[in-house]
Each structure stands twice: as structure tokens, then as C-alpha cells.
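The chain below stands alone and is given in C-alpha cells; this is the form predicted alone.
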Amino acid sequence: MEVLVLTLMAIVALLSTVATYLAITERDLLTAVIYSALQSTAYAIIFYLLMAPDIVLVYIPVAVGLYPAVFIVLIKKSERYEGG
């Protein structure tokens, strides 16, 4: 069972790394926010697997809900695409 949890954490950590890279390199800011929310969701899964439910209960509303919502509002008030 422990090997399964560690394997799942490794896969989710790899997914998080890929989502972070995609968020950094994306020119469409709205898509970058979605990748960032995906990365935050992966971190929440890792925290849950590490048996830290108190951190998960705080991390999900802030990093997955509030953070992307604020950035989406800011993107709507500015330009959607990053200038090159």
C-alpha cells in the first residue's frame, strides 16, 4: 500500500511540474491561470496523500478557487495575451 501511495505522489508531482512549465511558457494568460490551477490541484492531492488534511482544507479554496478567480478578473480588465 505504501508503494502505491508513493508512486501516486510521484506521478502527481510530475504532473505538477509539467503544469508549472506550461503555465510559465504559455502566452495566453487565461490558459496560464488554468495550468496554475491544475498545478495547485496536484499539490492539494500531494498534501492529502501526505495526510495533512488541515493544509488541504485551506489550500483548495485559496489556491484552486480564489487565486484563479482574482487573476481571471484581472485578465478581463487587461489584455488576455502576453505581449512579445
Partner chain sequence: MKYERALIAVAIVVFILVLSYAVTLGAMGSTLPPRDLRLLAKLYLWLAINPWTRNLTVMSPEAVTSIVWDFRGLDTFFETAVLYLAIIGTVAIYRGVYASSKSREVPISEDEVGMSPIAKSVTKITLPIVIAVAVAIALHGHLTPGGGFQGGSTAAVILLLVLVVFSLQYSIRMGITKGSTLALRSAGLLGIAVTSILVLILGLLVGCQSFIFQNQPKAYAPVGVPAFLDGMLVSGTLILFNIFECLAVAAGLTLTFILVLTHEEEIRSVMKGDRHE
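For clarity, every value in this text was computed on a predicted model and none was experimentally measured. Numbering follows the first chain given and starts at 1.
What comes next is about the form predicted together with the partner chain, which does not appear here.
* May I ask you to state whether L30 is within 4.5 Å of the partner chain in the predicted complex, using heavy atom distances? => Output for L30 is no: heavy atoms all beyond 4.5 Å of the partner chain.
* To do: Answer yes if any heavy atom of V58 is within 4.5 Å of a heavy atom of the partner chain in the predicted complex; otherwise answer no.
  => Contact with the partner chain, yes.
* Looking at the partner chain in the predicted complex, which residues in 2 to 37 have at least one heavy atom within 4.5 Å of it? -> Counting only heavy atoms within 4.5 Å of the partner chain in the predicted complex, the contacting residues of 2 to 37 are L14, T17, V18, Y21, L22, T25, E26.
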